[in-house]
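Next up: a single chain in structure tokens, the form predicted on its own.
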């Protein structure tokens, strides 16, 4: 069966979408092979077949699935004999909570820290006008005003991250003794930052730093060698 993941592509072929990385890690966890089709912001026609405008989009044979959470649930149901992403319905419910928490708390805090860096370092030249205009309309100010690269914003981000750090202080993965989809949700966000800035915005020491090493080592170092902006 042919399996293709359509994912966001930036400058120098960087794959910086946190949502696409969630799906990349989910596929690796399940041991499912896929080809990866790059899609720039200005190439929404490439995913018109999905009847929406956002990546990731997974085409699995004749089946088309959009949205990282929906894809994860599809993979869990479609391939039950492969390693579980959730460890059952209770784990799936807790992972959904993590999905909302990262999207609603971590991403807004991280955007304050790195959106200007993302524009400079991750957005392809062909997409820069679109990215700037769409984000500045959303924020009501320039990218540089919204994201002034301040240490105070980094501190706020790390404060928001404190529940995850506390969890990792008592267990090796957010999901417990082994990684699962809850870990890939937050790790995708780390990959967004890694592609966008050389500044240290997530802790690289302590329990969070140790977790990052474990995450980058998964699947024979998959996240170090796949896509740009590895550790």
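As the structure is a computational prediction, the values presented were derived from the model and not from experiment. Numbering follows the first chain given and starts at 1.
Just so it is clear, the following notes concern the form predicted in complex with a further copy of the same chain, a form of the same protein that is not shown.
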Legend entry - Three-residue site 100, 166 and 182 fully in contact with a further copy of the same chain in the predicted complex at 4.5 Å by heavy atom: yes
Inset, instruction - With heavy atoms only and a cut-off of 4.5 Å, decide whether residue 86 touches a further copy of the same chain in the predicted complex. - result: yes
Inset, instruction - Indicate whether residue 142 is a 4.5 Å heavy atom neighbour of a further copy of the same chain in the predicted complex. - result: no
Inset, instruction - Give a yes or no for residue 175: in the predicted complex, does one of its heavy atoms lie within 4.5 Å of a heavy atom belonging to a further copy of the same chain? - result: yes
Inset, instruction - Spell out, yes or no, whether the shortest heavy atom distance between residue 128 and a further copy of the same chain in the predicted complex is within 4.5 Å. - result: no
Inset, instruction - Would you mind picking out the stretch of 104-112, 130-138, 75-83, 147-155 that comes within 4.5 angstroms of a further copy of the same chain in the predicted complex, counting non-hydrogen atoms? - result: 104-112
Inset, instruction - Let me know the one among 35, 162, 51, 204 whose heavy atoms come within 4.5 Å of a further copy of the same chain in the predicted complex, would you? - result: 162
Inset, instruction - Could you tell me which one of 116, 71, 123, 95 places a heavy atom within 4.5 Å of a further copy of the same chain in the predicted complex? - result: 95
